[in-house]
Ligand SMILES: O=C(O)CCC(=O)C(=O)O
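Only one chain is given next, in structure tokens, and it is the form predicted alone.
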Amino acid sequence: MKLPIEPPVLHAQGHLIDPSPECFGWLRESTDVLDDTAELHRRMEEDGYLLIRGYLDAEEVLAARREILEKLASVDEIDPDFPLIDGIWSGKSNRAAFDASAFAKSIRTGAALRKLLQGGRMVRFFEHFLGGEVRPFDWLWVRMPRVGQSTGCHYDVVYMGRGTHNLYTAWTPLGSVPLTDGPLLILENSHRLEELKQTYGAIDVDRDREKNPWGGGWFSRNPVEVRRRYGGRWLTSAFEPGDLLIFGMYTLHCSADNASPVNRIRLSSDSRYQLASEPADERWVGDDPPAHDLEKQEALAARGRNA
């Protein structure tokens, strides 16, 4: 993909990302070493991520996108004056008239989304990368930030660290994500920050709710201060349907603010993969994963103790 010569103007959580070469850069692509497992592992160790262009079937990606947008359109969140597939925010929503939990579940359990993320080329990649039978998490995360919205800086391990840490996130753009629309940002070398891994990276957002000094799962809402404190550069890219960004549990990331000039919703998904032979975080697997519901977590744990 041809990237701009001049660095873009990006904000994250309202903070301007310094575009200077010392503070900002582009993600390295690993498409050229897709068939070299040893090199993929070396790059994951070196970079903390893998960016693979055009790996997924673009038609399957767009089918998942359309499936989600049809559901958003059913609650009036998509502007009918534009093609549905464009995903233009209407500025209103009728979602409150529906059961919120059921609607959210319908978004993340669509057949096209599951086909894309829990089978086919996605699972084949992780079988190749991990060297064995793969277990995807049953829970799928769909991100739909509108203009002005973004995600703060965090490690994924604080949300899903109860099973194996040999666990990987696949960030999948569900459509084109130009630089204006809030792409993912990765802090360079953040997977090597041992002090951060042993402090913030050791919390569990559910078990440590009362004693968590960060007050939640995000480490910070200020990516500029994070970079100033820990060094490295914020790395990003524009993305197209079929692109795939993979990273480990200790890669610090956030997203840029969605600044779409046409009011487009940025659609992407997060899905997780591990070896089937290793323990899985019980919050995210099964027919009805408890997620962050503490009562459901305790009931699940009690059934395990009584089994």
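What you are looking at is a predicted structure, and each value in this text was computed from that prediction instead of being measured. Residues carry their position along the shown sequence, with the first being 1.
Beyond the structure shown, there is the form predicted together with the named molecule, which is absent from this document and is the topic of what follows.
Undergrad: Quick one: 138, 273 and 284 and the named molecule in the predicted bound form, is every residue within 4.5 Å by at least one heavy atom?
TA: Negative, none of the three is within 4.5 Å.
Undergrad: Taking the named molecule as it sits in the predicted bound form, is residue 65 near enough to touch it, meaning that at least one heavy atom pair lies within 4.5 angstroms?
TA: No - in the predicted bound form, heavy atoms of residue 65 and the named molecule never come within 4.5 Å of each other.
Undergrad: Please check if residue 151 has a heavy atom lying within 4.5 Å of any heavy atom of the named molecule in the predicted bound form.
TA: Yes, residue 151 is a contact residue.
Undergrad: Find out whether any non-hydrogen atom of residue 156 is located within 4.5 angstroms of the named molecule in the predicted bound form, and reply yes or no.
TA: It does: once the named molecule is placed as it appears in the predicted bound form, residue 156 has a heavy atom within 4.5 Å of it.
Undergrad: Look up in the predicted bound form whether residue 268 has a non-hydrogen atom within 4.5 angstroms of the named molecule, and give yes or no.
TA: Because a heavy atom of residue 268 falls inside 4.5 Å of the named molecule in the predicted bound form, the answer is yes.
Undergrad: Considering the named molecule in the predicted bound form, find the one stretch among 236-244, 30-38, 56-64, 249-257 with heavy atoms no farther than 4.5 Å from it.
TA: That would be stretch 249-257.
Undergrad: Heavy atom within 4.5 Å of the named molecule in the predicted bound form: which of 90, 169, 180, 220 fits that? Just give me the one.
TA: None of the others qualify; the residue that does is 169.
Undergrad: Give, in sequence order, every residue of 184-221 that has a heavy atom within 4.5 Å of the named molecule in the predicted bound form, or say none if there are no such residues.
TA: Contacting residue: only 184.
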